[in-house]
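In structure tokens, one chain follows: the form predicted on its own.
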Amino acid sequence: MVAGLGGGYRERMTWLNKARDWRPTLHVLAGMAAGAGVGAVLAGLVVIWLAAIWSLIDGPVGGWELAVLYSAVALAGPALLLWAVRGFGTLQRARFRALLGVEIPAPPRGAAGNWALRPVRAWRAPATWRQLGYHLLALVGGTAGGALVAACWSAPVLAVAYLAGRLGDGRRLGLGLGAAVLAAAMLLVAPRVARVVARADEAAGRALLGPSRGEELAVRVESLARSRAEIVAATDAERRRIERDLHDGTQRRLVSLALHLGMARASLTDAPEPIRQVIEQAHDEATEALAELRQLVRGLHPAVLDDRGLDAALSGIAANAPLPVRLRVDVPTRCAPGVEAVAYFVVSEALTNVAKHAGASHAEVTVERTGDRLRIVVSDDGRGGATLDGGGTAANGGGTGLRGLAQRAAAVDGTLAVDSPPGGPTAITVELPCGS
């Protein structure tokens, strides 16, 4: 028996807790007021704008001052209406956030341009018409839903007032009791009605006040592109830092060590043979380590690229290549540092592939800037047959080497194309956006 009473008590408390959750009710009632107010303001702006246009068409009465006023209203009307539609859309999203805890992101704004054409582009945007559609829907559906919820919550008060007025009239007392029963039922379902109306309003708000699926994907793509550019820039900055630390720290110590070992090797000529062999071996190893470190530093990020530009950096690659390379660079203005770094490593790795796999007698590198695009062509007279998808053999450089070049180019929104028929020649064409 006690358990039964406890269960009933818990059920009553659950109902009371639900009934006391006023957020859906407050949201719906606030939406009713906002819908009516927004509808009145928008309707007023439209009426004033149409009246100004009609006055201009019919001919203004009252002098040139009124003609100027009507013209100003006719011209400013669409901009004011657009400002109101967007502003009230922001207000409605704030209502969802404050009363329901629902975050509806704002639709993306169009790209900035000529200020005089912004209202035209804004009115052509689907997001503007979706927000206007929500305001019209809120004026009708929101007002009706808010009135229904208000009626459910206020039904007991109306029923009590009706009964108080019919206590002396026995013939209508039964009708009053029936109204009281109906009012009690409406009160019981009021929280559920408020939640249903709030959910319907939330669905309409997400569909009309927020971005569409296509706009969400566009924003996502833009965000991913921006994140990728930031990652590329951060990676390039980290490579520069490591190159600088190795150059200023480890490389200097190795230079000092090799210098001292060389001096000892030259001065200790009368030392015992085992000691001289150890010094000579240590000096040779220090020199080799220094050469390897310089090669590593150059592979991380060549300092000459920052100091003297792409032409000088590529000239160093061509001069150190194991086969003759003809280089032509026509870049009047420098590109972004990240793009120059990608161009440098693309040329370096492409020439390495040519030397290892192509069996070529010479290669040619052409770099030119056309507009905002940097075009790089690396060609050779080798055996050909290289492919991006790995269909080629190791002998012609197909597979992961070219895929790595394509990935480097794609990191800055560039493209890579390979023209390598069997028997050669091979041409690798890379195009990079200079401003990335």
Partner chain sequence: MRVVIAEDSVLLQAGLTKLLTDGGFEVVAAVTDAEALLRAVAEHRPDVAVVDVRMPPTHTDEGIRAALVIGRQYPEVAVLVLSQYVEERYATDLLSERTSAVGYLLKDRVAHVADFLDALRRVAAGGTALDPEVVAQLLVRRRTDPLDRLTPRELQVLKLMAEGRSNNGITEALRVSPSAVEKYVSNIFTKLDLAPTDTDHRRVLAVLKFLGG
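Here the structure is a predicted model, which means the values were calculated and not measured. Take the two forms, superpose them, and find the largest set of C-alpha atoms that agree within 1.5 Å; that set is the rigid core. Positions refer to the first chain, counted from 1.
Missing here is the form predicted together with its partner chain; even so, the following discussion is about that form.
The closest heavy atom approach of E340 to its partner chain in the predicted bound form falls outside 4.5 Å. Contact annotation for R326: at least one heavy atom lies within 4.5 Å of its partner chain in the predicted bound form. In the predicted bound form, its partner chain lies farther than 4.5 Å from every heavy atom of P211. Using a 4.5 Å cutoff between non-hydrogen atoms, R244 counts as a contact of its partner chain in the predicted bound form. Contact annotation: its partner chain lies within 4.5 Å of heavy atoms from the stretch 314-322 in the predicted bound form, the single such stretch among 314-322, 76-84, 183-191, 128-136. Annotation: in the predicted bound form, residues A266, A291 and V304 each come within 4.5 Å of its partner chain through at least one heavy atom.
Out of the listed residues A360, A258, V197, C335, A258 is the one that sits within 4.5 Å of its partner chain in the predicted bound form by at least one heavy atom. Listed residues T287, S154, S71, T143 were compared with its partner chain in the predicted bound form; T287 is the one with a heavy atom within 4.5 Å. Superposition of the core reveals a Cα shift of less than 2 Å for A150 between this form and the one not shown. Remark: with the core as the superposition reference, the CA shift of E288 between this form and the one not shown reaches 2 Å or more. After superposing the rigid core, the C-alpha of V367 moves by 2 Å or more between this form and the one not shown.
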